[in-house]
Ligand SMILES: Nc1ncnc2c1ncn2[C@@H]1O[C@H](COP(=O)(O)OP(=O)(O)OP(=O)(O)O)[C@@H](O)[C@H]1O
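Take a look at this single chain in structure tokens; it is the form predicted alone.
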């Protein structure tokens, strides 16, 4: 069963320079109890996908297409009903953790409010003492030292890494069916990143949660994900099983991302890097959006934009896999 099904999703932003399309007809499925890594460079539309699913786009955002949460169409859901879905249904960990907390309330009060939301939606009564124990347990789970002291502090008294872990603990308290993690380890040091990823996987396994893991790092995505969705310039470039994708990447963009991994010693020389930069949404190249950076581009790539082709159980947007191509 799919927890989230995205079909023909396009997201536009109104800007002083005109309307710009940041996501263009994206199709993706997020299976219940599985993790999908959403990977791409900055500006590929990764975070916008998360904001569209949670309907937290800024007022300048315009969304078209379909986003189904189980049997519910989210894009046509009344705002009051959508608020009931957020949190215990779909919880999003923001890239900027400070935006998720109230700066004038203590951490304990904010986590207790989140816990109260869960109990109210379950039509259960929250006992303050047991609630405090549950909060302490979750703060300990995210490896915060002295959680009893942390609870009494305000957000400005904590580091960015501590705040990020508190927001993750809030997600653990709410026990959502779907968690969207937008670069959740970016504020954490390397020694904590693996712990946080392990905690998310534990929550997924314990509660059958679906995890959408947004990252620019394909190596991190490969460590946590069952499937991977590669985005480039607002388009899906490749989607499929993460093991198969890492072993045999199909799209030239995915191949370039994988070649950028350090795989040996410094004696092997400089790391590979993709030439050029992602295109501006205001000035997309004709044809395939990746053609200025693609080592395999041929005439057709500069005239037409490729469709999505099936290769086994995977999907790839590239003319190299068009069986009708005679070039």
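Quantities reported herein were computed from a predicted structural model and do not represent experimental measurements. Positions refer to the first chain, counted from 1.
The protein also exists as the form predicted in complex with the named molecule; that form is not presented, and the subsequent description refers to it.
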Among 65, 287, 43, 292, which has any heavy atom within 4.5 Å of the named molecule in the predicted bound form? 43
Check residue 273 for me: does it contact the named molecule in the predicted bound form (non-hydrogen atoms, 4.5 angstroms)? no
Is there a non-hydrogen atom of residue 29 within 4.5 angstroms of a non-hydrogen atom of the named molecule in the predicted bound form? no
Though only this chain appears here, would residue 35 touch the named molecule in the predicted bound form if you measure heavy atom gaps against 4.5 Å? no
Taking the named molecule as it sits in the predicted bound form, is residue 308 in contact with it (heavy atom to heavy atom, 4.5 Å or less)? no
Interface residues of 45-64 toward the named molecule, as seen in the predicted bound form [heavy atoms, 4.5 Å]: 45, 46, 47, 48, 58, 60
